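Only one chain is given next, in structure tokens, and it is the form predicted on its own.
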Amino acid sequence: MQQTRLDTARIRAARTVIDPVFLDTPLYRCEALEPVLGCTVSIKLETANPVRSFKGRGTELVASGLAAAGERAAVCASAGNLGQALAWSARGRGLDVTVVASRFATAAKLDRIRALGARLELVDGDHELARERAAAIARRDGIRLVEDSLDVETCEGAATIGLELAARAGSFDTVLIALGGGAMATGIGHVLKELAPGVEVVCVQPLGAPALTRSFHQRRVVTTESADTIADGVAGRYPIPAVLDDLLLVADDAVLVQERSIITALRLLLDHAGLVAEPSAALGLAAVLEAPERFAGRHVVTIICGSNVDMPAYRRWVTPAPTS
């Protein structure tokens, strides 16, 4: 395999730094989903931890490195989950964290960021505007700007999921990974291509936020003017060139799914697996729903990557419309 920015030895070492509360998450077959989807389905559950998403794996590495270097503050832009995770990881290491987010972000995520002790600044725009503001704060205050997916720690933290999957390789043939900034896809993909090359790595993004998927297929950075999806955690518009370079080396395919498929997948996870998932976490099942013939007879693993939802919106999504 050509070299990505990631290093497998560092990824293995990361397991000694990351708080065990984020490691060795459940991986289990969910037979109740299989009659609906027409394939064997296993779930990798990344939500049973204090921040209810996989992001804590990466922020543990970031915060540990900052503390070891004697740093005392950091800033990040976040749709919600990274900010929560960085606040959690920083709190126990004496670090001050500022999180910049869109004021239109999921309210529950913003509330949790505040509760974890981070300073929260809201901008009147989308995640890309939040990234610009976070960079400005970092320059002004001379502090570390934590950039999800660009900072290799965020990718290598997520890659520890790949180590856990690789230990079970042979029992499944496909992994479906939500694609946003790319940390999870490049991290897991890197490990699987090295340790379990027979496993197909398929990335999934909403049709309403297609920038990195289009970039993957055109093999160049493609930006979009807007993003329109309920999957707020993956709604980026400006792919990072270095991340795309890695993704091209480790992903076998990237697909786009429609909003109605994401909503159906949310309902399936609740009704058949008893799981509350945020829309980004339902992308893998949405991909199966849209291409059942592609996955028929296969054993797929889908990563349930987050469960921080706005409950009023979630109830609307999972409650079927009344029939006349």
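Heads up: residue numbers just count along the shown sequence, starting at 1. On a predicted model such as this, the values are computed, not experimentally measured, just so you know.
Absent from the display: the form predicted together with another copy of the chain. The rest refers to it.
Q: Going by heavy atoms within 4.5 Å, which of 294-302, 251-259, 47-55, 280-288 lines up against another copy of the chain in the predicted bound form?
A: Flagged stretch: 47-55.
Q: Check, residue by residue, if P26, L270 and P320 all come within 4.5 Å of another copy of the chain in the predicted bound form, counting heavy atoms only.
A: Checking in the predicted bound form: P26, L270 and P320 are all within 4.5 Å of another copy of the chain.
Q: Considering another copy of the chain in the predicted bound form, which of L110, A235, A90, L116 comes within 4.5 Å of it through any heavy atom?
A: Looking at the other structure, the residue within range turns out to be L116.
Q: Is there a heavy atom of A13 lying 4.5 Å or less from a heavy atom of another copy of the chain in the predicted bound form?
A: No, A13 is distant from the partner.
Q: Considering non-hydrogen atoms and a 4.5 Å limit, does another copy of the chain approach A32 in the predicted bound form?
A: Because a heavy atom of A32 falls inside 4.5 Å of another copy of the chain in the predicted bound form, the answer is yes.
Q: So in the predicted bound form, does V17 come within 4.5 Å of another copy of the chain, heavy atom to heavy atom?
A: No, V17 sits far enough from another copy of the chain in the predicted bound form that none of its heavy atoms falls within 4.5 Å.
Q: Is the gap between C39 and another copy of the chain in the predicted bound form 4.5 Å or less for some heavy atom pair?
A: Output for C39 is no: heavy atoms all beyond 4.5 Å of another copy of the chain.
Q: Any residue of 294-318 with a heavy atom within 4.5 Å of another copy of the chain in the predicted bound form counts; write them all down in order.
A: Sequence-ordered list: M311, R315, V318.
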